[in-house]
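One chain is shown next in structure tokens, namely the form predicted alone.
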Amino acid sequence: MSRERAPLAPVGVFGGTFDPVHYGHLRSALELVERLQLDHLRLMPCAVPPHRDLPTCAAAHRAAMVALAVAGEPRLVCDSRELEREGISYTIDSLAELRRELGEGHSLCLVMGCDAVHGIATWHRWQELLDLAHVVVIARPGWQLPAAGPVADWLHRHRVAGPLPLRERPNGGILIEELRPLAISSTEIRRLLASGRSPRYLLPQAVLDYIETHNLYH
């Protein structure tokens, strides 16, 4: 009599410009790995963002900083696949690639912030995201989700009450996960650097050293 195989631990993917990556990104990523019992979480720098101007810092530099930031933490990985594709970096294309790599039965979790959820109806093929992955929404104190309209209906239909469904099936659920507030922003770091002030202790020293070496954001 054969024994059922335990489901593989979910894989997470957390996209963004990471311009630059900082401790707010990293702490949220690590908390999600532990709370959701992920096998690992991939930080995926966006090469050509669809919904904002192209960052002045080249994608190769942003990916290099992410790689430095997660070095030594095996549960966090830099995934630079969007740098290897031409054109706009659509999340749905990256999820499709990851799904092919992981196989149909492996749980895949797309992580996004509450602000992204409010604009998700403008995403390319957004209603297909749950065909490929679960969605994990990072909530902060005072957060509010859309209360009416197609996105609110989408959230209501697919929301799950806890992390267990993310392990039991490969895709299709939406989990809202509240994390500790860590009020650090990439915009603030860029402003500090541009004004000649130090962003030390807001981001890993290895990342700050890289910024100084390559004269970024000044």
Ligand code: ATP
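Computed from a predicted model, the values in this text were never measured in an experiment. From 1 onward, residues are counted along the sequence shown.
Omitted from view is the form predicted in complex with the ligand, to which the following refers.
Scanning E73, D115, E101, D131 against the ligand in the predicted complex with a 4.5 Å heavy atom cut-off leaves one residue, D115. This chain is drawn without the ligand; in the predicted complex, the residue among L30, A67, L182, L155 with a heavy atom within 4.5 Å of it is L182.
Residue heavy atoms within 4.5 Å of the ligand in the predicted complex occur in exactly one stretch of 146 to 154, 160 to 168, 184 to 192, 33 to 41, and that stretch is 184 to 192. The ligand is not drawn, but in the predicted complex it has no heavy atom within 4.5 Å of P199.
With a 4.5 Å cutoff on heavy atoms, P204 does not count as touching the ligand in the predicted complex; it lies far away. With a 4.5 Å cutoff on heavy atoms, I138 counts as touching the ligand in the predicted complex. Proximity of P10 to the ligand in the predicted complex falls outside the 4.5 Å heavy atom cutoff.
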